[in-house]
Structures are given as C-alpha cells and as structure tokens.
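The chain that follows stands alone, in the form predicted alone, written as structure tokens.
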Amino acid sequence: MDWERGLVSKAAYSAPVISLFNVQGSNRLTFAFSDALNPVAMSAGVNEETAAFRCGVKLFFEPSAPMRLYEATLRLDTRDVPYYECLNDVQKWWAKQPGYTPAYVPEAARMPMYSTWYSFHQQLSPEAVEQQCLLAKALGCEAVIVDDGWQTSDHMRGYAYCGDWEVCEDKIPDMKAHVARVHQLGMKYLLWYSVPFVGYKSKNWSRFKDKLLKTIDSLQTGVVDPRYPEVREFIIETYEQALVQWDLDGFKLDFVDSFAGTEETVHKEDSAMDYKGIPEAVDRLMSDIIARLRAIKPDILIEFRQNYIGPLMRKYGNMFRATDCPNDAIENRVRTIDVRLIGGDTAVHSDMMMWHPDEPVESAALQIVNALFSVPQISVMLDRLPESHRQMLRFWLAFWREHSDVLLEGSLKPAHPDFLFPQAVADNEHKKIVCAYGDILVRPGGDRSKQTWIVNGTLNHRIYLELDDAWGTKKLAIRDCQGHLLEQTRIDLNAGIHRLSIPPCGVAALTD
C-alpha cells in the first residue's frame, strides 16, 4: 500500500502537476504532464516497504474519443531549488505548449473589485447595488461583479431557474440603464452565469432535457452536453447578446468544472453531436466563448473559480479566483497563494472578503492582509460597517494599489507550505514586501538596498525580524491597520534579531 492522495486533472479541473519538497521548502521532485486537456491521474505516495515515494501518471482511465496518435511529455525536475521556482517554471512550460497560450489580461483584471455574493446573495436591487458601488469606488474598487440572483425571483439558493438567462424584472427593471449608472460611477460591470446549468424550472428545460451529461437533484438542475453544437451555440449567443445589449465589461463564468458525464452519457452516441469526447467539446466551447466575446470587446474580463485554474483555463479566461471560503482568512491565504504558484501573469483574485461588522477592526483587517498577494474582492455591506472598518479598507486597498507591482507581479516566495505559508515574500528590482502570518522569526533575506515593508498578519503587537547580514541604518515608519502613523524614527539594523512594535495587521516601512 502506498500512502498517497492522488489527483485527477482535466481541461476544466485542476492541473497535472505534483511537487515534493523537504521541510525547508527545497524541491525534491516536481513532475508535470503536458496534456492538460484529457483526464490525467497523478499520484505520489510513500511506499511502506521502502520508505520511498512511488509516483505515477495514469492515462485513458475514462472513456474518450478514438485517436490514432497520442503524444505527451512528462516533465521531471529534481533540482535542489525552492519548490516555488519549480512550479513557476512548470507554468512557463505549459504556456509554451501549442494551443496553451494564455489569454490577454487587461489592466482592469488587476484592480480591486466589489462582489455582491456574500453581501447580497440573491436579494438584489439596482439601487442597493449602485449604492455599494458608489462606496466601493471611493475605497479603491474599480469593478463590480453582480452574482447569482439577477436572473430569478427565487431565493432558495438552488439553480432550478438557471438556463433562460432573462433578467428578473421584479428586481432589475432595466438592466441596460442599471449598468450605465454603474459605468457613470467609474466602475466596470461583470455578470454571473452558471455555464452548464439548465434548471428543472427553466423554460429551456424542455429544449435541452435530452441533451444533458447528468442531472443534479440537490441543485435542481441539469448539466448540458457541450458535444452538441446547438448547446455550445446557445451558451455563446447568450453571452454575446448580454454583452451587446447591456454593455457589460465581463463575465463570472461559474461551475465550468461540472462538465462531467455519467457512465451512460459518456458513451452516448447521437448523430447530432460533432464531438465524441467531452474534454474536446469543453475546449471548443470555452475557446469559442473567449474568441467571440473578444471580437466584440477586446478587453473582456472573464473570471473562473478554483478548481478550474489549470493551464488550459488560462487561455479561456484572465481572472482566477480562490474558491469560496467566507470569513476564513487562512483559507483565503492558502488558496490564493496556491493559485499564484501556477497562475503566471493571469490575474489571481481572492475569494470575496467578508466579516462581521461587530468584529474588532484588527480582526476584520486579517481578511485583507491574508490575501495581499492576490487582487482583493470585497463583499460586505459597506454602509453598515463602522467607520474604523471603512478606514481600514481605505488604507489597505490604497497600500495594495500602491504596491501591486510587487504584490501581484513580483517574484513570490511563500515559505513552508507544510505550515500553510506562515511567511510570504514578494519582491522586484526595487522593493520587497514581507508578510508574517504566524508567531515566527521573520526572515526577509538579503537585498538590504531594497525598500522593505514588513506586514504583521497576526494579532500580536510585535514582529521579530532576523537578519543574516547587517542592513545598516534605516528609516522606520510604523502604521496600524487603519494607516495611522504610530512611530517614525531611524533604526540600526545589525545582523541578528530585532523586535519591531508593529501592531496587529499593521505595517512597518524600512527605507534608506
């Protein structure tokens, strides 16, 4: 028996890569597969008899379309370098594969956004959304993602009414005018769709009930079969019409990973199909979506959610969001960093940040600080927050925007994935940002010539900084989580350990 936890990747789920590292984060074996379209099972488990890892790659374990030739490459990396360097090289390797070129990422994809999901759920109204947009814009957000609820008067949180994609006029009487008012506020507008779902109570149910991969009774919906050109054309035309009629700026395309069949439907044969394999049909659908939408609006924004964040998904969309983890700062940190490690220059977004308005402001700030290495998405009722929370948001979003060149685009070095990344560092040629998420000795490394910011991502009132070499005399400025300047002095940073009185979720700047 091998003690393993394998993974299965395919076009719209996960990514075919496994990285083995030691307790210091040094790579021991990173192996990746070039075929991200077809189902690939990968495993790495300790063999009891030998205490060695037994690794495997398994192909053709699910039904697929017949093929005469199959070629793929298994990439093995045994270099003694940090694990994150190996993963970064893997994403670069994937991006160079024929047909895997990542989609263009507009600048708007890299800017903070407001999401309606946790703040509104399905209880939407144009006036309320526009009010939140007004407040969010003032705090530093540049777009709104209007989530589930715009298409139905049902509030049961299922998907029975998905599939018609007509605006619920009881909620939003004039979608075009609503979008225009949001644009007048200076915000871009993205709209949510569940790509494969046609609900049991939709008008389109009778049209597509015989063209399904499966039904999901718990969600009251069917999953359409993309092997039918009629299905693909219906989905694409739906987005094209919405883009043109309402002047949208992008789409949140959800549940792409639900394109999976049953034993019966996988083997289904129908002359109306133009594909036999589901992965190939999904690839055709998603490729056509991005191509046709970009033909209308070249800087279209397309968001996908973890776990469909693999190398093929990068060619369909330009925003990858961490999967749902409401009010869970630690999960948001882990998930955003996980996606960043193989995301390349695709914009990686946090899950929508939310918290209870009665929380101490430092606890609320944990949500922001833990996801600093991703594009922030905010999903709280901003007018119901105390002023201290709004000031905290204003400060940290301004900090993020000022330093996004390093936080989002710099070289990311997350330490100790085995301890959920208690420290992460991002740097570029000129500056470095170090975030401590545990009660640890913070080790920023060399490069003492760079401007350095130390972020206290804990509720402790101090950070211990360990330097291998002397940094000389630096200017020190310490701010709390609301941006208030608490201390400004000069400090001699010799080799060794230094105590910095950084308050919870505050930040210290060390400059020459």
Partner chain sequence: MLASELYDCTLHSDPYMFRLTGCSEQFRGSLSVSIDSDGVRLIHIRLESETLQQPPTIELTWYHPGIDIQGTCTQAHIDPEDFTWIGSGGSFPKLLILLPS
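Positions refer to the first chain, counted from 1. All values derive from a computational prediction rather than experimental measurement.
The same protein also has a form predicted in complex with the partner chain, omitted here; what follows describes it.
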Seminar exercise, completed: Among 390, 188, 232, 214, just one has a heavy atom within 4.5 Å of the partner chain in the predicted bound form, namely 214
Seminar exercise, completed: Answer key: of 475, 54, 443, 462, within 4.5 Å of the partner chain in the predicted bound form (heavy atoms) is 54
Seminar exercise, completed: Note: the partner chain not shown here; in the predicted bound form, the stretch from 180-188, 283-291, 232-240, 85-93 having heavy atoms within 4.5 Å of it is 85-93
Exercise. Are all three of 124, 151 and 303 close to the partner chain in the predicted bound form, meaning a heavy atom of each within 4.5 Å?
Worked result: no
Problem set entry | Contact flag, residue 22 vs the partner chain in the predicted bound form, heavy atom cut 4.5 Å | yes
Exercise. Do residue 307 and the partner chain share at least one heavy atom pair within 4.5 Å in the predicted bound form?
Worked result: yes
For this session: Please run the contact check for residue 452 against the partner chain in the predicted bound form: heavy atoms, 4.5 angstroms, yes or no?
Result: no
For this session: Mark residue 209 yes when one of its heavy atoms lies within 4.5 Å of a heavy atom of the partner chain in the predicted bound form, and no otherwise.
Result: no
Problem set entry | Within 4.5 Å of the partner chain in the predicted bound form: residues from 17-38 (heavy atom criterion) | 17, 18, 19, 20, 21, 22, 23, 28, 29, 31, 33
